[in-house]
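Heads up, the chain below is alone and in the form predicted alone; it's given as structure tokens.
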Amino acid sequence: MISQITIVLFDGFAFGMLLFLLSVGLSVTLGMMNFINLAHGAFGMFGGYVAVTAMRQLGLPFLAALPLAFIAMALASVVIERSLFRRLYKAGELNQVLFTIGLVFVAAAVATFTFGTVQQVIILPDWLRGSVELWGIRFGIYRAFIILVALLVTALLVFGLERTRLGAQIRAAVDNQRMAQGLGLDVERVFAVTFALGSGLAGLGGALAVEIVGLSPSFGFQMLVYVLIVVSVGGLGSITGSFVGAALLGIGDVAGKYFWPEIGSFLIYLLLVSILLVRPLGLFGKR
């Protein structure tokens, strides 16, 4: 029984870290810019396609495809943010929701036209396959790799926010946008950089997710619910909140499906409702 619980905690935490990479950008964007970007999952989907295409067509190794997915989605998001999203910053929430959910449909159609509806697979290097045995329990190597990448990204984000000039500007813009503008801070530039960073992380998460959840044109819709739950539970604009929320959601989802398969899919919603009843702004929500 202890080994089963350990495996569930390990697999759940790995899944949670995958959700963290996919959702942290949306959390910061919502908290900082008050922009409801429901198309965030589409960046993850195209990040997965970039990684798969780079490995198949260009012959790049898996470790080279991951940063390529990040860079490609970060650059693409800058173009989209400057050309489309910035027009909606002062629009109503309904307009933002309708526009961005429409972009998800467009993204799914583009992916279907370009790559077809077949599930894409990614060929992992030999050293990431299989499992290792510790204390009589077998742990998946690839899931351990996902946890390692997520912890590294978290450390870099925390360091960047707490120890760099850009991090101070982002914190100032999140806490009080008008005050930051009044002090001469170029909030639009900070918006663009933050948006690119969050979208790049979504692309990285999408590339890592191909082996775990698969990749198809419906990826953006499939992950949207998970991403929104993570943001709701963690609280807007909080990296710590996204990390804790994603870990709770991942473990809760895996535990529910493992121990109570009949109702396992609903447990994450019960977890969401329970937390929001106690903390309406999320675990680390500030406003």
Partner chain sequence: MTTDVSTTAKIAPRDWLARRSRWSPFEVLFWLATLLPFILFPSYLPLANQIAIAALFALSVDLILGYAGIVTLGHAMFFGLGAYCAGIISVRGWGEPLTGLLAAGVFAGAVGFVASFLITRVQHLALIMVTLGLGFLTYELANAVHWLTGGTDGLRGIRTWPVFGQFRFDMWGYTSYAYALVVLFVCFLFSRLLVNSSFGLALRGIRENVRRMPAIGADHKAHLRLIYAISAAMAGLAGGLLAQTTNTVALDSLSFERSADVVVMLILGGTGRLYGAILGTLIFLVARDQLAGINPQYWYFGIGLLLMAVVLFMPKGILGFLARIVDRAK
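Numbering follows the first chain given and starts at 1. Here the structure is a predicted model, which means the values were calculated and not measured.
Although it is not shown, the form predicted together with the partner chain is what the next lines describe.
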Three-residue site L75, V193 and T240 fully in contact with the partner chain in the model of the complex at 4.5 Å by heavy atom: no
Non-hydrogen atom contact R189 with the partner chain in the model of the complex at 4.5 angstroms: no
Contact label in the model of the complex: F145 to the partner chain, heavy atom within 4.5 Å: no
Interface membership of I251, the partner chain in the model of the complex, 4.5 Å heavy atom rule: no
Close approach of F105 to the partner chain in the model of the complex, 4.5 Å, heavy atom: yes
Heavy atom contact within 4.5 Å of the partner chain in the model of the complex, the stretch among 227 to 235, 240 to 248, 46 to 54, 60 to 68: 227 to 235
Listed residue (R129, R138, R171, R87) with a non-hydrogen atom within 4.5 angstroms of the partner chain in the model of the complex: R87
Listed residue that, although the partner chain is not shown, lies within 4.5 Å of it in the model of the complex (heavy atoms), from A155, L183, V118, L94: L94
